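Below sits a lone chain in structure tokens, taken as the form predicted alone.
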Amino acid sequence: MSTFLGIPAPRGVGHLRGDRSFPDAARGALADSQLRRNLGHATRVIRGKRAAVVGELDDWEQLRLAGSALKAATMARLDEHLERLEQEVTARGGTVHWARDANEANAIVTRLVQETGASEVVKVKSMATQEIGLNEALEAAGIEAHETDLAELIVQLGGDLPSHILVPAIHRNRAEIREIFLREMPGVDPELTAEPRKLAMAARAHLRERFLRAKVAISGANFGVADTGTLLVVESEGNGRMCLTLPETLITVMGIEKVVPTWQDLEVFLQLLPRSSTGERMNPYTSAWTGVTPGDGPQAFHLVLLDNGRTAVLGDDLGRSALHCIKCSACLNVCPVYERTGGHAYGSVYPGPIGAVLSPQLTGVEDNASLPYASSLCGACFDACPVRIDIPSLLVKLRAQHVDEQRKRAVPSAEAIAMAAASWVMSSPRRFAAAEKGSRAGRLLGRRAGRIRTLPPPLSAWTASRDAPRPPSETFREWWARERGGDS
């Protein structure tokens, strides 16, 4: 094992960075009324189910505290747990590979597939492989990757990108899915309707053929148990179990933060995860596998442990709590910003509040500088997080880091100039009083609507997306002098 500290995820590979800033990308999403209806309906349904099953537990807060404490303790000794995991996987016939970044992970997986002679693979949902852009790397090597999770399949066939951690196709409704199946799925019944059962049957028939002929499967992992070298996938459809048992070779790509020390730790996480993610008391399928068993299941097993910026996050005493995330997506479903913009606006495979703190840390804050501002700081994400990640505090910390970086620029930004001007005005009672009186000119602009909707440049950057309040006819100082006669 080698140790790599402070290396951010590389540029030009994977899906951690968007092409546009969050405000630019969100503007298009906000104008898409169909998208907003789809998101609003789906997140309301999931929120309701989650609230119902969480309300059944008297010790929910104790479970959250336990989950938070277990994650903090694991991160404090992460190197020891990973070495133990490698030792146990190897002892049971598996092979462990260490990948410093996305490029190394893609190269390792591509080589392993090529060594089997296969030209196609089946995949069970894995955020890690989305993060590193594995499908694109395999395609470049002439290997076809088939997503088997229903939502991932919809996204892949639609030439789309995931927009939610748990429900990647949350931005699509049934009619849109039907159109995608009819257009992209070979041999599908042309009389296919948008009934969920019919859509599921079409996907099942499409996938079964690929399950039966695939020689190699690639999976993610929700947890890796260090004590026994066991990997676990939690899912709802059974496609994961097909991937994990039928092919001859299984390759698992797992972020290093997914390790837990013991099976007993899963007692907590397997209660927190399904309730927070799908609003279920228990998920339908929990698949666990340990190394290789002769004559049963895949006869070759490889575990790729992925860093890709995680040790850089781990090196930050406060920021490392973002690695506690168990990818339940509860914070997305309660976030008013996510509900209106959807996941694509974030530009990263990790959208929503957790993505707004995790992605900038994995890439370096300046590579995702707009994401820490993609929040109202209302705190709903912290209340929903099953492992109590203080996302609002992390957002403020990342904003401060961005401001500090901006101060180092040779040419100050417009925001820095505005803040410096505000500081100069507010540092003098006389200047501040003069500015208050001068602001009365703005009353003319808002005399009809009671609010100012358009300001001249450069202030137009503010009113382009929000109104400004109409200045009062009397300043506070004038009111005080009138009411109190100048007494303090």
Partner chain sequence: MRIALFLTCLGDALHPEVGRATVTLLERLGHEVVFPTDQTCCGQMHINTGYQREALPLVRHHVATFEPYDVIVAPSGSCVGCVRHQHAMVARGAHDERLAERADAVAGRTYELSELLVDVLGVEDVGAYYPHRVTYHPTCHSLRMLRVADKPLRLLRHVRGMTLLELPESDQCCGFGGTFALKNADTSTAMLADKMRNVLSTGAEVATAGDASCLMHIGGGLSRLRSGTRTVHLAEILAST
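Numbering follows the first chain given and starts at 1. In this text, all values refer to a predicted model and were calculated from it rather than measured experimentally. Superpose the two forms; the largest set of C-alphas matching within 1.5 Å is the rigid core.
Form predicted together with its partner chain: not shown, discussed below.
Here the chain stands by itself, but in the predicted complex one stretch of 333-341, 177-185, 120-128, 73-81, 333-341, has heavy atoms within 4.5 Å of its partner chain. Note on contacts: among V45, A52, A69, M419, the single residue with a heavy atom within 4.5 Å of its partner chain in the predicted complex is M419. Its partner chain is not shown here, and in the predicted complex it never comes within 4.5 Å of any heavy atom of Q34. Although the partner is absent here, L57 is not a contact residue: none of its heavy atoms lies within 4.5 angstroms of its partner chain in the predicted complex. Not displayed here, its partner chain is approached by S376 to within 4.5 Å at the level of heavy atoms in the predicted complex. Using a 4.5 angstroms limit between non-hydrogen atoms, G12 is distant from its partner chain in the predicted complex.
Against its partner chain in the predicted complex, the set P458, T463 and R477 is in full contact: each member has a heavy atom within 4.5 Å. Residues of 412-440 placing a heavy atom within 4.5 Å of its partner chain in the predicted complex, in sequence order: S413, E415, A416, M419, A420, A422, S423, M426, S427, S428, P429, F432, E436.
Core-superposed comparison between this form and the one not shown: the Cα of A31 travels less than 2 Å. Relative to the superposed rigid core, the position of the CA of G12 differs between this form and the one not shown by less than 2 Å. Relative to the superposed core, S21 shifts its CA atom by less than 2 Å between this form and the one not shown. A decrease of at least 3 Å in the separation of the C-alpha atoms of A374 and P457 is found in the predicted complex, compared with the displayed form.
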